[in-house]
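In structure tokens, the next block holds one chain alone, the form predicted alone.
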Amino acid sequence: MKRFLLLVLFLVGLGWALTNYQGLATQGTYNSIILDFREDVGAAQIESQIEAIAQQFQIAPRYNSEFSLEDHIFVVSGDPAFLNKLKHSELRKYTEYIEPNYIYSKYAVPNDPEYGKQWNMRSINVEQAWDETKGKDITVAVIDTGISPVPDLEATKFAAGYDFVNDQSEAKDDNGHGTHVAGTIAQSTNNNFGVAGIAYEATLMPLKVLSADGGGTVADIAEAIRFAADHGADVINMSLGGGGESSLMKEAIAYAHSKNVVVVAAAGNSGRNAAEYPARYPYVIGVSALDASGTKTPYSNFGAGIDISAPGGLINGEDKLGGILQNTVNPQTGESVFEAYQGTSMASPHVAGVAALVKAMGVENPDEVEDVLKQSALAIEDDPLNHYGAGKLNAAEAVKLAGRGKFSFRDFFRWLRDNGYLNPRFWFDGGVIALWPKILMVLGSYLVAWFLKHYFPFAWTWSLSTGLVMGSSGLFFLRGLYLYDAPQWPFRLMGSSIPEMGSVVQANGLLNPFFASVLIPLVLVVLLLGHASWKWFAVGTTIGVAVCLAVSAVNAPGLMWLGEGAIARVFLAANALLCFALVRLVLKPETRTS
């Protein structure tokens, strides 16, 4: 008994929490209501109902557009209170849907004032990716000239880094290159200042390996790679490179790969038919550069070692609109500036940023991350010299592909939200019988069964439990199921309790008195009484229907031909008692033989 009471309290508490937690609830806004009349309703009946609404509420429904004539879709001004009145009026007999005419809007873009100049962000479809993730809990190591605390990195998280050039813990930027690269990855975003970054909820790890003049040694770079791998980096970006293969660096990259670190590197800016190192090493994603039109830039290396392409920018003289704009430092003065750069150094952090988004979606293995990036890229069919690798970086598709086949709590809550179950109005005013009463029906059926078990002992079986759920509520979670272009009445039928059957095919909100009665349970008991297992399904169904009818008598959803008043309540209550009596009649012989 204690366990059962705890279960009841848990379910009630969970329901209350979900309906009151605004972060999960669907907060749609609307100021009008959609009336979708059934196709089998004649024009005269529709006109009569429209006139009735106009007279009763002093408001005139109108066709949504000239294209609504055939489908009989009307729109009427109204708020939630008016929607509730319409749903409980005679109108529901003639309509397939009475629902809010929600107002949708374009996807939100960052409020950073200079974001409009960042053509590169839109070219990789990052705005759609942000609807899923922004890189939270992912650390990206920037192996470069260091990172300085410019204003547009103020809200960005940082992990402890290191300056391998000067052998000190603070890795400040004395060149501007590293800070610019870091901005592309995780510039503070939605802060009403400056520009945006790709994975702006990720953490940056500054690792300085290049001096003020932009040069650095293989030994420092290799040590930085190992440092990043040992200190929690998930992604490494190296917007640097040169000629000459190094076993030390190759080994460091393999070490980072073994610790599930994604390594990304720029292909080089020599316009040659081969990427430079470290982009050419195994386990490194080599990135070539694209201009604002999405074509290969003249400076970008291509051919061997190119895995994918991304925006690198192309500046024409004094016109810097084609460059990649980020907040960095002036190397001469050390002051904060917003500057447009170009180069494969700017392309590489785009890939590193999207890799962080992919990692944040739960893809751990670096090879799998690379596969996601390549498979989601926009492929270029005519690319004989491998300018583009697998194609053009596509953040939205990468995040979508990363999330495919994975079902997390976040997905579950999104499913609940999209089907309306997290909207409090749905719980009190949704479906033929609202969801809250249905939960009460399920819990009530188990309470009645528990009560009867103490007076008429019987075995608790799966067939009995199935009958309880079937009779009391039906598989109501199927009510929200929708398949495009498929007839919806099978889903409504499967998502309805027995008393609702007979009306759901026409999407009628009224209960059918032939089904909302003792009739169906009686037929089941007569047919299944002689079967050892199925008999208990009939018993469970009868108990469930008894509770369902009792709750319906209180909730009064309405009966066909009998309305929603006292007659309907008496009918439902009387049939609930008859179902209860039928259960007693079936269970009494059990007590005599036991």
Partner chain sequence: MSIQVEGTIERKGFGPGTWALVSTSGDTYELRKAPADLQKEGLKVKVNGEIREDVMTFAMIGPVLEVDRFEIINH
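Here the structure is a predicted model, which means the values were calculated and not measured. Residue numbers count along the first chain shown, from 1.
We do not show the form predicted together with its partner chain, though everything after this point is about it.
- For residue 184, no non-hydrogen atom is located within 4.5 Å of its partner chain in the model of the complex, even though that partner is not displayed.
- Proximity of residue 221 to its partner chain in the model of the complex falls within the 4.5 Å heavy atom cutoff.
- Proximity of residue 341 to its partner chain in the model of the complex: non-hydrogen atoms within 4.5 Å are present.
- Its partner chain in the model of the complex comes within 4.5 Å of a heavy atom belonging to residue 213.
- Of the candidate stretches 152-160, 341-349, 440-448, 82-90, only 341-349 has residues whose heavy atoms lie within 4.5 Å of its partner chain in the model of the complex.
- Of the residues 232, 113, 334, 242, just one reaches its partner chain in the model of the complex with a heavy atom at 4.5 Å or closer; this is 242.
- 268 is the sole member of 353, 268, 471, 146 with a non-hydrogen atom lying within 4.5 angstroms of its partner chain in the model of the complex.
- For the stretch 162-184, the set of residues having any non-hydrogen atom within 4.5 angstroms of its partner chain in the model of the complex comprises 175, 177, in sequence order.
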